[in-house]
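As a starting point, one isolated chain is supplied in structure tokens, in the form predicted alone.
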């Protein structure tokens, strides 16, 4: 399947939804306070681009989710490797991981605002939480799938701990790590929007929250469209190619 055909198939359902929306709202004369028309949302988009607020909100949200994801990955990968190579560490931490993985992300918002106040720190904490457990668990799975005989063979050939880590464990676990990052970033994006509704005065979540107070449904729908579109772009243009390249690089699949 060509890239053009693939892109067309991906975009077609979104265009169909847009057409249905453009038809239904005027035909049924839906009150704009309940749901806006396509034209109202387009006008809201142009206004927010002209005054710079939309770019400001998008930039703030992307910066937070990027920083929080990086911190979460940097903390999670070493711990996941440690759990993968040490049965004792894994046995001790697995119950804690199962407990906290349910709470990761949005559930931490109330206490995060008590610890860090309303602002940057609380939001970053929520994002790190959303990413950390998913990436650590996937790293553990990746390391666990590496045959112990392969590690022993590397050691018998004179590889030290650092060489085994960088040449055996990390490459072998990398496909799972990338999958964990893709999943964790999805959780982080949702957690970010929820946290911004409560703990800050700038960002896409904040934009939605303020628009609700003034019954500006066109801004709310605009924000929803932007949130979904940004995630689709991140996933399709960055995460999917990265995941595909990783599994192809390490021989899990072959390029057609």
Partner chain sequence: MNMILQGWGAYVRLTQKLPGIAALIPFIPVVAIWTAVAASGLFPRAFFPGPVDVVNSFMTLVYKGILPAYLQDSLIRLLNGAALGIAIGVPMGILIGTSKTAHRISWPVLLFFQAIGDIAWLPILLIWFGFGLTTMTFVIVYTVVFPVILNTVLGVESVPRDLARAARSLGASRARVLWEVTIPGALPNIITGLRNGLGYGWRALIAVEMIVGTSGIGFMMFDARRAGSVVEILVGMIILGLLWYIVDAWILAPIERATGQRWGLVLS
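Under this definition, the rigid core comprises the largest set of C-alpha atoms superposing within 1.5 Å between the forms. Keep in mind that this is a model prediction, so the values were computed, not measured. Residue numbers count along the first chain shown, from 1.
This protein has a second form, the form predicted in complex with its partner chain, left out of what is shown; the following refers to that one.
Q: Does its partner chain get within 4.5 angstroms of any non-hydrogen atom of residue 118 in the predicted complex?
A: Yes, residue 118 lies within 4.5 Å of its partner chain in the predicted complex.
Q: In the predicted complex, is there a heavy atom of its partner chain that lies within 4.5 Å of any heavy atom of residue 101, even though the partner is absent here?
A: Looking in the predicted complex, residue contacts with its partner chain include residue 101, since a heavy atom lies within 4.5 Å.
Q: Might residue 107 be said to contact its partner chain in the predicted complex, defining contact as any heavy atom within 4.5 Å?
A: Heavy-atom contact with its partner chain at 4.5 Å: present for residue 107.
Q: Should residue 9 be counted as a contact of its partner chain in the predicted complex, where contact means heavy atoms within 4.5 Å?
A: Residue-level check for residue 9: yes, a contact with its partner chain.
Q: Only one of 39, 66, 59, 228 gets a heavy atom within 4.5 Å of its partner chain in the predicted complex. Which one?
A: Spelling it out, the residue with a heavy atom inside the cut-off is 228.
Q: Would you kindly say which of 111, 71, 153, 141 lies with a heavy atom within 4.5 Å of its partner chain in the predicted complex?
A: Contact check passes for 111.
Q: Report yes if all three of 193, 208 and 221 come within 4.5 Å of its partner chain in the predicted complex by some heavy atom, otherwise no.
A: Checked in the predicted complex: all three residues contact its partner chain.
Q: Taking the partner as it appears in the predicted complex, which of 71 to 79, 86 to 94, 173 to 181, 154 to 162 has residues with heavy atoms within 4.5 Å of its partner chain?
A: Flagged stretch: 86 to 94.
Q: Check each residue of 31 to 56 against its partner chain in the predicted complex and list those with a heavy atom within 4.5 Å, in sequence order.
A: Heavy-atom contacts within 4.5 Å come from 33, 34, 35.
Q: Quick check: residue 93 between this form and the one not shown - does its CA shift reach 2 Å or more after fitting the rigid core?
A: Yes: residue 93 shifts by at least 2 Å between this form and the one not shown.
Q: Aligned on the rigid core, do the two forms place the Cα of residue 14 2 Å or more apart, comparing between this form and the one not shown?
A: Yes, the C-alpha moves 2 Å or more.
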